[in-house]
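Heads up, the chain below is alone and in the form predicted on its own; it's given as structure tokens.
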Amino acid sequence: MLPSTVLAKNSVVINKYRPLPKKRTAEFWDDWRIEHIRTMSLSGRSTRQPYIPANNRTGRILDRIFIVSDKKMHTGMTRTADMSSRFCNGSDLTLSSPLYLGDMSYGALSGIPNIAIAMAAERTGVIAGTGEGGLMPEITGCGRITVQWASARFGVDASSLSKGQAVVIKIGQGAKPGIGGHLPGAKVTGPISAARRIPPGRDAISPAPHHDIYSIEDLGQRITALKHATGRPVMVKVAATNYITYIAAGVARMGAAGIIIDGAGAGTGAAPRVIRDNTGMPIELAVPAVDAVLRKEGLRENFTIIAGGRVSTPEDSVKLMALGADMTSLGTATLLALGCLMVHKCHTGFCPALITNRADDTPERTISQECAILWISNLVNGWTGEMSEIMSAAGVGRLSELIGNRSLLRLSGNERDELTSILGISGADAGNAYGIEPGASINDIAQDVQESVWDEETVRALRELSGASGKSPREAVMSSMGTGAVRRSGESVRPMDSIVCDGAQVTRPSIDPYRERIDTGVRICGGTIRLSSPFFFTHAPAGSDNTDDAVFERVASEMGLILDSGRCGMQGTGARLMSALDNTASSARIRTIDIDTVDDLARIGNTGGGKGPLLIRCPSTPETAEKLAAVNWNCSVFAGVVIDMDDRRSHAPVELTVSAVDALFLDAGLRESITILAEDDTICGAEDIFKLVALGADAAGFRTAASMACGTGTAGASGGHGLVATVDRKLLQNLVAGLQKEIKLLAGAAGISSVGSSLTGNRELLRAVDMDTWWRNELSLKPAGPE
């Protein structure tokens, strides 16, 4: 029966799927995955094609894992595996299938989808999460839900917490680790305002940390208190981040019934794009690491692990359970069963599929509640059937024989020993990494880099930051369900693409970027020059002119940055001038001299004083660090180095050279006195700047990204997007402010309140995902997963 609060007279009720729109860019949630889910949702049965076709397997690790079969699949195979299980320790609830239907809040979803998810769980015998934001009256009587206790405590009281089978303390989620929740004001309508007990029309931003949970011990107090207050078992939801093994062990020791781990790339109603695409690790790396640690510590028995984050098929569920999960969470898959078109409009409140649109009192159009319940119920039944078929084909008769049984899994050929060790899977041949070959030069991959970096989504995000398009210039670009990010599909071209950033959870607090001060300033050249942010503008790319230098120089001066003008300052020496804003002098200049002319320094007559700092300009090559080591470092003469990817001699990724040069000066005890600036015209946003600084640069320089962000041209050499003749000053100012906001988000998520003092060279904030061991060692990074 339709609730009167969500259906108005004369409303148009939608009871069928809309055709999928044509995708402009490649995405993980491709047409095959969506149609596979729709087929199960319409029939309620297995599709008899439970395995992902070869052409639809992406580069992600989970798609390269295969399940060993004892017998050939055939049409007409009946379900034989026993799929029932107990929900968690402290609960008497028996599940018909090891499926958890996401944690999607009322507000992120429009009402009827929330009701349908809870009622479908009731109908099929599984369990559903309700997300943060209070409970709709229509689902309070459902017996198979969990109730979330999140950092903002929206709509939470003792009565609502007792309505579920368990209480879920939400610490983090896969789409936005370390920054809390975010419901845009446009979606905070009257019904949402009432449910969450907040003013209508204003952004509902959950604090990044729980302000009463700053340690494992604090978390233990909350677990105990909630168990006593509700009489229900307590689970903890976290994102898969750097210290996931420590967090999971702490959660188990503190008496929780289980943990919900949300992997990178998970769906969301709203998240900053820079966070969604660059923080956290894939769920397939987190699960085996957590399972192994809990077993080693004697904490695995009676502790439930629920794995989520891009669980796209029943095959994914079976593989994650064989890696160590007890259950899998279906979030995006559930919304696709409801008719999601994957058009990434969730955060706007205008969802064409009517799933994540505004929850109005009297909507003109709405989904049929009965159809919605049927579609999700059918999905659960079809999903369970395909899991059973896959298990039967592997000779597994019950879940207890599947969970943690890595002997059922094999990696595809040419995988690395390191990856097999992290996953705990044997049988793969050692070989090269997926993606970049060891030692590949920048020249070998230059065209691939351009195509990878300057894709349509990247350019669109830059233009939204600047205000050349979109409605929120100077603000972090918001995104929602799904992602086309290269790294999320394992198709990395640059080493940078395989590096992820940390999200602070429990073991240390995140810094709330919306409410707390985060300083993005850095000091360079012996502390004489302060930049407002760890980036600057470079000279125009080779082969183009400097007609926009005046605009770039003015904006740099206005906003506390520097410009490498590229103009020759001293004839015949290879030196260049960089204009700078110096808080202690009105006309500071930074000079650079080419590394090959350092020996001619005496001829220049430089004494290091009175003429501004002098930096050595170097190409990005494997030999650069060795050449710099041979320089007689007198810090009264040389203030640092500029690693310039635009130099025609460059043939190594800039992140490789930055890391090597940083290590050189650290070993020599000179790092605090030496500035490292990195210039690369494939730097495409705040994420690249953040990673380069964490690898050892003091600041990162770019030009093409700024020109693209501020222009309207669509033809040219740079990835097909081109540069414009004139850069608009206001748009450039907006871009700088927007990048600063996004750097603050990344820093806050990682628990960094000061970029200058805590980020530079802090590789502990980074992890390498599925990166060749040679590259990882050269960058001095730890692999994602184990600790």
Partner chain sequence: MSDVKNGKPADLRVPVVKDGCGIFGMIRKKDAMRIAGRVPVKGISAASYRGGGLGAGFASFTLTGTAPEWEPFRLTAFVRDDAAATYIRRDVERKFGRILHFRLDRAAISRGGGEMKLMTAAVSPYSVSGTDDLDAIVDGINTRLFSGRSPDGRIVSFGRFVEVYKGVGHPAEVARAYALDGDRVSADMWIAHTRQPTNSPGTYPFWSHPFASMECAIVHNGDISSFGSNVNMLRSWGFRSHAGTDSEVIARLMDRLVRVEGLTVQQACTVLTGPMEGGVDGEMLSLMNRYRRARLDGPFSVAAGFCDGDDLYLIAMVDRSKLRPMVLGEDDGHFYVASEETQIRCISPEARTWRPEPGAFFIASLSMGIIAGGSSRRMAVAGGTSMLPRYDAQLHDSSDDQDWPASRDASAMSYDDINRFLREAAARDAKEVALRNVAGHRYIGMALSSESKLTVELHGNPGNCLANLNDGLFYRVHGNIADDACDTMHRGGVTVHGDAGDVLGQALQGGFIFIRGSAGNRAGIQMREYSTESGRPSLIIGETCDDYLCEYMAGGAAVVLNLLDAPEPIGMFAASGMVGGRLYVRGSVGEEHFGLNPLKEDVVNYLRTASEEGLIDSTMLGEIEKRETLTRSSLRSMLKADIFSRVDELFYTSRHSRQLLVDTRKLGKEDFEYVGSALAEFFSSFGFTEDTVRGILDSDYTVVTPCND
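What you see is a predicted model, and the numbers here were worked out from it, not measured in a lab. Between two forms, the rigid core is defined as the largest C-alpha subset superposing within 1.5 Å. Positions refer to the first chain, counted from 1.
The protein also exists as the form predicted in complex with its partner chain; that form is not presented, and the subsequent description refers to it.
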query: Sole residue of Glu475, Glu370, Glu456, Asp82 within 4.5 Å of its partner chain in the predicted complex, by heavy atom; finding: Glu475
query: In the predicted complex, the one of Pro288, Pro613, Pro207, Gly467 near its partner chain [non-hydrogen atom within 4.5 angstroms]; finding: Pro207
query: Its partner chain contact at Thr58 in the predicted complex, heavy atom, 4.5 Å; finding: no
query: Residue contact check: Ile752 to its partner chain in the predicted complex, 4.5 Å heavy atom; finding: yes
query: Phe154, heavy atom within 4.5 angstroms of its partner chain in the predicted complex; finding: yes
query: Interface membership of Arg410, its partner chain in the predicted complex, 4.5 Å heavy atom rule; finding: no
query: Contact segment among 623-631, 300-308, 376-384, 91-99, judged by heavy atoms lying within 4.5 Å of its partner chain in the predicted complex; finding: 623-631
query: Non-hydrogen atom within 4.5 angstroms of its partner chain in the predicted complex for each of Thr25, Asp63 and Thr328; finding: no
query: Heavy atom contacts to its partner chain in the predicted complex at 4.5 Å, residues of 751-770 in sequence order; finding: Gly751, Ile752, Ser753, Ser754, Gly756, Ser757, Ser758, Leu759, Thr760, Gly761, Asn762, Arg763, Glu764, Leu765
query: Rigid core superposition, Glu297 Cα moves 2 angstroms or more between this form and the one not shown; finding: no
query: Large Cα move at Arg202 between this form and the one not shown, threshold 2 Å, rigid core; finding: yes
query: Displaced residue check between this form and the one not shown: Gly102, CA, 2 Å or over, core reference; finding: no
